[in-house]
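For reference, the chain that follows is the form predicted on its own, supplied as structure tokens.
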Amino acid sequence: MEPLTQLTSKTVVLPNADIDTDQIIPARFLTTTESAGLGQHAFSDWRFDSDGSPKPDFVLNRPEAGGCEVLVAGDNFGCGSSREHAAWALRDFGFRAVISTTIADIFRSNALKNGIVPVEVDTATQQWLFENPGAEVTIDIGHRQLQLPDGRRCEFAIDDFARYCLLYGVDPLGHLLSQEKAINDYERAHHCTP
């Protein structure tokens, strides 16, 4: 995982509430244990007609959505099943952050483990983002702040260890392995013989 200290991107807005993990990545695409390639199936039932052709009116199919790394969503984003594939699909699609008033706990955990920043904001900020799709925002992980184009800064909560992993580009296993010498030193110092 590459380090992520700050992200500046235009937003794409999907204001639906209760977007669950089956909508993010339908179950029929869960036949893989690889994250690469799942982005093509993100929001598949919303993005494509039954014949596989893109729906031109769906926001993620519009040209202005290209390159947007920040998804602004309705309340209760990522609810539903615990499938990590949802985070994989969003990351592979190109999203690095999701902004909502509420983000489901399991999705939040999966997102952080895959380098996606879950940003919870108040209703007024969410509404401003809904009304200004394509706004360029900056997410500062170090300072736990979302900066809007008008200069307003909104603080958001992020777990200290998850923040550390994002800032230094390590996942929990990578962090544990980096502590191998300290673990071995501790074990030698506290070794008990029967």
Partner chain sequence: MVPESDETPAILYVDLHLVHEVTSPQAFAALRNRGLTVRRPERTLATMDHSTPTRADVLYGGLPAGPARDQINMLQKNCRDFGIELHDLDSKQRGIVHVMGPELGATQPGSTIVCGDSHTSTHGAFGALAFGIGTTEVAHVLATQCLLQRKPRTLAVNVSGRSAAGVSAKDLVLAIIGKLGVGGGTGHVIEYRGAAIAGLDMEQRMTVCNMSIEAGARAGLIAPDDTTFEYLAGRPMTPTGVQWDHALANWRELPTEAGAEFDREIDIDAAALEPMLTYGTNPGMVLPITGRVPQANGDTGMRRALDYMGLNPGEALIGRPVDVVFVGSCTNGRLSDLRDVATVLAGRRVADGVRMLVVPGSQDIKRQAESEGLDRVFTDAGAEWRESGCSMCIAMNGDRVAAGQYAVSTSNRNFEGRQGAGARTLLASPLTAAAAAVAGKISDPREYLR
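Between two forms, the rigid core is defined as the largest C-alpha subset superposing within 1.5 Å. Residue numbers count along the first chain shown, from 1. As the structure is a computational prediction, the values presented were derived from the model and not from experiment.
Below, we turn to the form predicted in complex with the partner chain, even though it does not appear here.
Exactly one listed residue, out of Glu131, Glu64, Asp45, Glu136, brings a non-hydrogen atom to within 4.5 Å of the partner chain in the predicted complex: Asp45. Comment: 25-33 is the region of 146-154, 66-74, 121-129, 25-33 lying near the partner chain in the predicted complex, near meaning a non-hydrogen atom within 4.5 Å. Looking at Trp88, you'd find a heavy atom of it within 4.5 angstroms of the partner chain in the predicted complex.
At least one heavy atom of Phe161 is located within 4.5 Å of the partner chain in the predicted complex. Under a 4.5 angstroms non-hydrogen atom cutoff, the partner chain in the predicted complex has Glu84 among its neighbouring residues. In the predicted complex, the partner chain sits within 4.5 Å of a heavy atom belonging to Asn110.
Along 147-181, these residues reach a heavy atom to within 4.5 Å of the partner chain in the predicted complex: Asp159, Asp160, Phe161, Asp171, Pro172, Leu173, Gly174, His175, Leu176, Leu177, Gln179, Glu180. For Ala17, a C-alpha deviation below 2 angstroms is recorded between the shown form and the other one after rigid-core alignment. After superposing the rigid core, the Cα of Pro172 is displaced by less than 2 Å between the shown form and the other one.
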